[in-house]
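The form predicted on its own is given below as one chain in structure tokens.
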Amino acid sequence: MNHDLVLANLNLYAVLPNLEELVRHDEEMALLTRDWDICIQFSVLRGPSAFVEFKNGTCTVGRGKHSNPTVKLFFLTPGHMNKMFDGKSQPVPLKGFTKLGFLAKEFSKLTDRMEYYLKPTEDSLSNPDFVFLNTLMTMHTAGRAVSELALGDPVGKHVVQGMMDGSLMMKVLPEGPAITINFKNGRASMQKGESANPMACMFLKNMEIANSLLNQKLDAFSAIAGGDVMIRGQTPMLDAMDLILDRIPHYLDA
């Protein structure tokens, strides 16, 4: 699997689902989208596809093709779609031509806001509400990225194929958020929330520690030594996950 295809999968399946949390937690974006009734399909020729649906004040991002999307956006190659995520190209509209103005103005406000939360600045990190949503989105992106890298990245595939079956939980203390990554038969999948019986756990002392760690401003080994990050259970599973997470910047920060 080539770099562009892995990146396309990450953009659609790891990054785009953050729109769900954005609409759920950002008051301005909730107000913007509360009356939307639209489904936008993203499809790459012989490649990945996903849809974003807005209905009854909620946003749902799904994998694959929707049965009846309002808008169909088509991409000739994975690279074509990746350039759209970078704001450097336009999709080919196949359906919903009357909605192109909506996509350019209203939907762009939403995606710009998502980018705002995913690319923090020092000023924005002084706001506790921003820190929460940036931490939540970054944690979810990382968890979903593990699944995609386990399928498409050479290092990720090699690491996951050698792992034991079981679940790994990462939680911000005291009340969350949390994610669980399930490993089975050489594959990985993420679920939001805690696991009832994880084989390995990583507990992050508080939201500030979690944010610093997830934004690579805090060294994990130093955090563990200082008691800001606590690990429990099967530490080889945690080590293996770290190897996969280290691959994320190879794609998303490139």
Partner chain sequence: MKTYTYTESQKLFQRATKVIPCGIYGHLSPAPLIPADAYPFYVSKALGSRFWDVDGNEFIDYMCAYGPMVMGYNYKPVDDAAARQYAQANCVTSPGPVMVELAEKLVDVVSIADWAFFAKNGNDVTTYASMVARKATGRKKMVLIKGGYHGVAPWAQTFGHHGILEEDGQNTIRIPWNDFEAFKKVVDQHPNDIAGFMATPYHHPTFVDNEMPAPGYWEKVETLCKAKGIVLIVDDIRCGFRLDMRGSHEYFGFKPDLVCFCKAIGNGYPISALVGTDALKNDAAKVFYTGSYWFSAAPMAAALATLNEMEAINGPKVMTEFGEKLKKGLVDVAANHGYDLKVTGHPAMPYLRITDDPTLMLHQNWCAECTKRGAFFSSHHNWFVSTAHTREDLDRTLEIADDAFLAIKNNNE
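Residue numbers count along the first chain shown, from 1. As the structure is a prediction and not an experimental result, all values here were calculated from the model.
Below, we turn to the form predicted together with its partner chain, even though it does not appear here.
Engineer: Could you tell me which one of M190, I209, V52, C201 places a heavy atom within 4.5 Å of its partner chain in the predicted complex?
Structural biologist: None of the other options qualify; the answer is C201.
Engineer: Counting any non-hydrogen atom inside 4.5 Å, which residue from K184, K83, K99, H158 sits next to its partner chain in the predicted complex?
Structural biologist: After the contact test, the surviving option is H158.
Engineer: Closest heavy atom of E20 to its partner chain in the predicted complex, within 4.5 Å or not?
Structural biologist: No, E20 sits far enough from its partner chain in the predicted complex that none of its heavy atoms falls within 4.5 Å.
Engineer: Residue-level contact is defined here as any heavy atom of the residue lying within 4.5 Å of its partner chain in the predicted complex; does A225 satisfy this criterion?
Structural biologist: Judged by the heavy-atom cut-off of 4.5 Å, A225 is in contact with its partner chain in the predicted complex.
Engineer: Mark P154 yes when one of its heavy atoms lies within 4.5 Å of a heavy atom of its partner chain in the predicted complex, and no otherwise.
Structural biologist: Contact check for P154: yes, within 4.5 Å of its partner chain in the predicted complex.
Engineer: Given that its partner chain is not shown alongside this chain, does D219 nevertheless sit within 4.5 Å of it in the predicted complex, heavy atom to heavy atom?
Structural biologist: Within the cut-off, so yes.
Engineer: Looking at heavy atoms inside 4.5 Å, which stretch does its partner chain contact in the predicted complex, given the options 209-217, 39-47, 225-233, 24-32?
Structural biologist: Selected range: 225-233.
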